[in-house]
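In structure tokens, one chain follows: the form predicted on its own.
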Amino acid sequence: MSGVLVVLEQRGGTWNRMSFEALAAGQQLAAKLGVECSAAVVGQAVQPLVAELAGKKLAKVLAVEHVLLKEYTADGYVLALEQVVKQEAPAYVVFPHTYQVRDFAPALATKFKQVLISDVIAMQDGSAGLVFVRQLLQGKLNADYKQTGEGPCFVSVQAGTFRAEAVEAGTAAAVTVTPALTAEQIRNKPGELFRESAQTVDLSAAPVIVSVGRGIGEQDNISIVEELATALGAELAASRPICDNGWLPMARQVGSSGQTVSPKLYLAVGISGAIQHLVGMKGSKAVIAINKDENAPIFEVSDYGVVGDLFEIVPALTKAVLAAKGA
């Protein structure tokens, strides 16, 4: 066995936002091992998506198509991808860590007498070979995992860990694969699509986020940070205590029990940096922290830190941004 196969996720012809994060992870894994990386898309009439992938640095792009794969079912995906993995014989199969992947990938791994190493945040060279790192206890601990059995290694990567823009461009041949499926093999039937909690905003898509923590003191003071977010054209977010108090909607919470984000800029105002919050924003490209406590953990992950009173700094920063914009 050799090579890396990345299984991307789509729904109704639209990519899941994490698909290209997984593709970036697959390309990096292949480069680390000195092998080729390929990609697969499962569904029906997925040629437009395959054409997009043909412009990436891949050995090949597999269009896994069948009328019984038009709607997602765990049985259909397991049966189809089992045939693809046997045909391609990759050493590693990489997925985005989505709700759908959590539904079918463990069963697929079991077909090969393997387990799914899920929610991976890093891939490292260990003394005995490649090691995958996962977080435990809401990010308090990191654990190393290594495959020891024979057969392909199945891995899913955590949202925000690998950056979609890191995907390398290139050219790839497209191949259509028609798995052998019958309706009798599909025991489960498509139901209502799973939807994550209804959100007024998708923070995961925001390029700039201004996030507020308990250092703001009280709800009426949030307007100070909101003005800065508006000036920057950013989305307003918060740590868990703010949302637990009802000061901002739960949809704006960043962290292990909220949304995972990876903006170009994350500005943390009055946030101490509890590990549960850091888990949700660690994929940010640049982090600026404002906190009066110079020992706050948030400064350990910040690119730029400002130690001081946010009630003096934030209004001055808002004024400077507006002046720079000529507003």
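The first residue of the shown sequence is 1; numbering continues from there. Just so we're on the same page, rigid core means the largest C-alpha set that superposes within 1.5 Å between forms. None of these values were measured; they are calculated from a predicted model.
What comes next is about the form predicted together with a small molecule, which is not displayed.
Although the partner is absent here, L310 is a contact residue: one of its heavy atoms lies within 4.5 angstroms of the small molecule in the predicted complex.
Although the partner is absent from this view, P179 stays clear of the small molecule in the predicted complex, with no non-hydrogen atom inside 4.5 angstroms. Although the partner is absent here, A296 is a contact residue: one of its heavy atoms lies within 4.5 angstroms of the small molecule in the predicted complex. Taking non-hydrogen atoms only, G258 approaches the small molecule to within 4.5 angstroms in the predicted complex.
Note on the interface: of 61-69, 287-295, 31-39, 46-54, the segment with non-hydrogen atoms within 4.5 angstroms of the small molecule in the predicted complex is 287-295. Put simply, of G213, P96, G76, P152 only one has a heavy atom within 4.5 Å of the small molecule in the predicted complex, and it is G213.
Relative to the superposed core, A274 undergoes a C-alpha shift of no less than 2 Å between the shown form and the other one. With the core held fixed, F311 shows a CA shift of 2 Å or greater between the shown form and the other one.
Once both forms are overlaid on the rigid core, the distance between the two CA positions of A109 between the shown form and the other one is under 2 angstroms.
Legend note: Cα of V120 to Cα of Q259 is at least 3 Å farther in the predicted complex than in the depicted form.
Annotation for the pair V120/A274: C-alpha atoms approach each other in the predicted complex, by 3 Å or more compared with this form.
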